[in-house]
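Before any questions on binding or motion, here is one chain by itself as structure tokens, the form predicted alone.
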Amino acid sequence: MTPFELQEPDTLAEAITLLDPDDPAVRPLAGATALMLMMKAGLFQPTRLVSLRRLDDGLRHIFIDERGELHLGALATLSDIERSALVAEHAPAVTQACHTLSNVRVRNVATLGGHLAHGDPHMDLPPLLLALGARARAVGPHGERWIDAADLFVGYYQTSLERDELLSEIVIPSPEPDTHATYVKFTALSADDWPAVGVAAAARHRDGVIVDAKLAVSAATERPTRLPAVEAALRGATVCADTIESAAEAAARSVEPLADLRGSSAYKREMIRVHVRRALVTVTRS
């Protein structure tokens, strides 16, 4: 590992001034569970790391506002989120996803902001945040801006964050009545390995008819991806085995899975079909 500069600012504003929009070798450092692996493997050689561990600025909060929206601070650990009664009440699918996200040692250290800003398509929470209609607040030298979760992930290990921006919080809107969400995944290697396929679904149905549906696929694709055509076909459809099977087939056809050591493209396409079906069964039978 080559030598690098380590800065430990006390405030969010100070941290932003230490980032360099013109130098990709300058990175913020949160839980470091993913970044350190890349450094040890020689995939990333920083010139400066800006540690966020001393920051306060309300970045570890978890609360529900007066509109019923759930706010998750970017420096809240995944364990904080997993154990939060507010998260379990407002977004139980997030709690469910955290239970099997990597392992407890990682969850105790990894932060929500790092989990998202890293841009790794294998991460568990991004597709679920897409399905839940979440948005992210980013702060930079020119102020703050809001980014829809669907617009945050733009490519393989790429996000729409500028190099001198930091995530400060994620907001999950208050769910519509009778909305149910889930996240299912398939790990081809060990149980706590990155998933080969991840599927998130949220649906609302009434009198046997699907009123609304959101569906996102990850891990097998270069970025977490919403499936709007499949969602549109589900809206207004009758809740039945044929509807779900047709949606699963359409989802599998609509993406281009990436082949890697966890499976071929054809194998992952089949796993997408299987797990989209399982996710839709869960949210339409709730």
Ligand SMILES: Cc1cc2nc3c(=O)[nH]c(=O)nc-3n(C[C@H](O)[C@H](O)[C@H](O)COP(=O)(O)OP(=O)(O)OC[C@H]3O[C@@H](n4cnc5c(N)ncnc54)[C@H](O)[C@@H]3O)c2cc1C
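The first residue of the sequence shown is number 1, and the count goes up from there. This one's a predicted model, so the numbers in the text were calculated from it and none came from an experiment.
We do not show the form predicted together with the ligand, though everything after this point is about it.
In plain terms, the part of the chain that comes close to the ligand in the model of the complex, with a heavy atom within 4.5 Å, is 123 to 131 out of 123 to 131, 142 to 150, 208 to 216, 88 to 96. For the marked spot (Thr33, Ser102 and Ala117), a heavy atom within 4.5 Å of the ligand in the model of the complex is present in each of the three residues.
Put simply, of Leu227, Leu52, Ala247, Leu70 only one has a heavy atom within 4.5 Å of the ligand in the model of the complex, and it is Leu52. Listed residues Ile172, Leu166, Ala181, Val184 were compared with the ligand in the model of the complex; Leu166 is the one with a heavy atom within 4.5 Å. Taking the partner from elsewhere, Pro195 is found to have a heavy atom lying within 4.5 Å of the ligand in the model of the complex. Residue contact with the ligand in the model of the complex: Ala188 places no heavy atom within 4.5 Å of it. Contact check for Ser84: no non-hydrogen atom falls within 4.5 Å of the ligand in the model of the complex.
Put simply, Ala203 is far from the ligand in the model of the complex: not one heavy atom of it is within 4.5 Å. Contacts of stretch 68 to 92 with the ligand in the model of the complex, defined by any heavy atom lying within 4.5 Å, are made by Ala74, Leu78, listed in sequence order.
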